[in-house]
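The chain below stands alone, shown as structure tokens; this is the form predicted alone.
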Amino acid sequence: MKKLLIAALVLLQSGMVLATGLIKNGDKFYDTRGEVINAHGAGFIKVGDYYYWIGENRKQGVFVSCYRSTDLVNWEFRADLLTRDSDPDLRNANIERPKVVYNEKTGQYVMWMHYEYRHDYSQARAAVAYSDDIEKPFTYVKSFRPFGNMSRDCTVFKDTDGKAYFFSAARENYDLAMYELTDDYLDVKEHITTLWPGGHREAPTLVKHGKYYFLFTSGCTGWNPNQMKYAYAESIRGPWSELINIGDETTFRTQPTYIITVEGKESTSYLYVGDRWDPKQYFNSTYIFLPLRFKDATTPLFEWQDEVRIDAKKGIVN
């Protein structure tokens, strides 16, 4: 009982208020144990009634950890999904930006990520793993360069027709490559295009609103924040619009990691999740959750809010 009371107190102090669904941006996020959430560069996936937050851990040989929530505010730690002991190929690896999608044909959850050798960024490879259970350790498959291309910051997007796509920074981050995945999502089968060659973009995240796809990226300035830009297209294969600034010149001191579609009984809303990196100490980095609204069919709106209230059951974020 004492441990539960301490955990509740920490959650309240962290800005995550249990009863009201309120998040205070800028504070550390704690799980229901009262421990700091370690899940950066994350992806989110909804399975049944739960949203799963899956991201980088980097502590004690853990690469990827998993948390779940029914309300997007209170997060319960579930498991470490990938560690240095998961495969010999991971003993000296560094893993970033894990993203998970579900394949109905195989019944597997498939994770794509950025693979490096420790903190040497010369490998520039993609890696893939899978699991039959979102809360169980993943089986590592391989790391590789898709069609021989470098692969760093990345994301995976599953479309409504069941096809899945992999986006990753290539050619020393000067290009953004787009691939279609194989039917089992375990490999790439087509290099569709290179987006904005020479644009020097990274941290891609994709969302569909109405009949348009929106791709958000950051510039390449290391751990320091910069201007987020977006582009839109009616077909995921393009053509894509030019890159357009959104938010302020530092993206409110964040870098994009994912945009959650919050579909509820009354409405569908969109929630931007960004990492607020601490360049001096990775483990002091925090997270920012902000509403992503739409002025019209092709114009997203992104503004700072100290507090964000979420009603996931209704599908309302404000």
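Numbering starts at 1 and runs along the sequence shown. This is a predicted model, so every value here is computed, not measured.
What comes next is about the form predicted together with a small molecule, which is not displayed.
If we take heavy atoms and a 4.5 Å cut-off, which stretch out of 128-136, 237-245, 218-226, 142-150 is in contact with the small molecule in the model of the complex? Within 4.5 Å of the partner lies stretch 218-226.
With the distance limit set at 4.5 angstroms and only heavy atoms considered, check whether Y102, D159 and D183 all reach the small molecule in the model of the complex. Contact check failed for every one of Y102, D159 and D183.
D87: heavy atom within 4.5 Å of the small molecule in the model of the complex? No, no contact at 4.5 Å.
Would you please decide whether E202 lies within 4.5 angstroms of the small molecule in the model of the complex, comparing each non-hydrogen atom pair? The answer is yes: E202 has a heavy atom within 4.5 Å of the small molecule.
Is there any non-hydrogen atom of T254 lying within 4.5 Å of the small molecule in the model of the complex? Result no; T254 lies far from the small molecule in the model of the complex.
Hey, in the model of the complex, is Y121 touching the small molecule, heavy atoms inside 4.5 Å? Answer yes; at least one heavy atom of Y121 falls within 4.5 Å of the small molecule in the model of the complex.
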